[in-house]
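This document opens with one chain alone, in structure tokens, the form predicted on its own.
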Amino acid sequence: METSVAMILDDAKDIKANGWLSSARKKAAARFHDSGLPKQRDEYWKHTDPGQFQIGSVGDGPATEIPAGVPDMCPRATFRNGRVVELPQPGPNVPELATLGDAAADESHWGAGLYGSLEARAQKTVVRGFAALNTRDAEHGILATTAPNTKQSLQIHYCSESNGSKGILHHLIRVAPGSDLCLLEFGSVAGQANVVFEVDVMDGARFSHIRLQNKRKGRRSIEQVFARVGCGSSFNLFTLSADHKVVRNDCVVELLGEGGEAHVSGAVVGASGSHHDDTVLVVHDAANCRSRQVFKKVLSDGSVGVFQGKILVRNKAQKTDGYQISKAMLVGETGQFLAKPELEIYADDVVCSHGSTSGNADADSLFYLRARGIPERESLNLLALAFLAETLEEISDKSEMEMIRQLMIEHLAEQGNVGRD
């Protein structure tokens, strides 16, 4: 028997934590009480029915394994069925790590000042009920902080054994001044997942986050990233999304220090029956900052792709350079691309642009390939790969770029309804 999310939230979950975590949860409970869960009539949910996110038994599935092509690099934090089962050993290239439970037992832990704070700030622009719910109820997650002026890396691998499972995770990331952190996140949290990242990129720091949202057939997830970027710092988030039943990726980045940069990009390979929603807000709140939003989606028959992207430039954010583009390649007759690009500008010395297009594969290019004996399905895959390639330019590391390219090829090849041989 399936139970809707709304039905199970009438009685607030007991808050077992003490100290700062308990206080943060109580504040989040108040925010959730005021907001409730979103409804489809809400402006930023009209293309994705929040009622699709349900909790209940929908059948079992195998545990997700590490996808082929993912580098076997250390350190790696592993979650199974929404719980931490392994953390890497400390080392010079490893950020300092703690579980949410262990951090909550330390009243002086740095996480006390970050947990729930960026999520709460984001509520001031657009109400986000699922995020407040996460902050209120999450019992698992990791807290990672780098040492100043270091280059470190981390992998997060999720394994789950049932499509009927549920998982609520809340992660905190602090990138210290002058340091560089690369995060690779992959696997499936649960059949129904609500994941929040709060990321503090301090002055002169760099943060790169690559998410592989694949190998998740039949699963539904809401994944939310809230970031603040300091002076001369950079934030880079790239997502490859495929295989989901429904996924909603919500990202809010605040550029709070002069000379900061934010790059939020993604590529989607949408199979029949899938629904992929990317909703992004970049807030320019300091001078001389730069942002880019680049999203491309290949959508097969019966799939839906959504992009809602906004650049908000506050009045003191002079010399802003903001760029946003979203495009979809529709393969077949019934795929849908629903886009809502936005600019809201209160400064007068800015360069901002946005654009959105959708259409079928180029007929001339397809004829050229078919005339040289390449089957239609393979020809369409080649055109789709070329179409998605612009998003790869947002990845600075060449080995990671090649890994994503190979995964794109794999997912395109799996689309049996892409063309007719």
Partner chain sequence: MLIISELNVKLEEEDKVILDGVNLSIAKGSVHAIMGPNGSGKSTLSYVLAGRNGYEVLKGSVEFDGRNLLELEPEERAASGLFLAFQYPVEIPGVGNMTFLRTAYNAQRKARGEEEISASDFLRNVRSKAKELNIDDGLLKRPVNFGFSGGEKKRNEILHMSVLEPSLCILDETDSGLDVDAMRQVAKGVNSLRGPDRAILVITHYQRLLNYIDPDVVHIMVGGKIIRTGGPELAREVEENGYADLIREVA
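This is a predicted model, so every value here is computed, not measured. Positions refer to the first chain, counted from 1.
There is another form of the same protein, the form predicted in complex with its partner chain; it is not shown, and what comes next is about it.
Colleague: Among 42-50, 23-31, 353-361, 384-392, mark the stretch whose residues have heavy atoms within 4.5 Å of its partner chain in the predicted bound form.
Modeller: In the other structure, the partner sits against 384-392.
Colleague: Can you tell me whether residue 375 touches its partner chain? I mean in the predicted bound form, with a 4.5 angstroms heavy atom cut-off.
Modeller: Contact check for residue 375: yes, within 4.5 Å of its partner chain in the predicted bound form.
Colleague: Applying a 4.5 Å heavy atom distance criterion, does residue 37 contact its partner chain in the predicted bound form?
Modeller: No, residue 37 is distant from the partner.
Colleague: Could you confirm whether residue 365 comes within 4.5 Å of its partner chain in the predicted bound form, counting heavy atoms only?
Modeller: Yes, residue 365 sits close enough to its partner chain in the predicted bound form that at least one of its heavy atoms falls within 4.5 Å.
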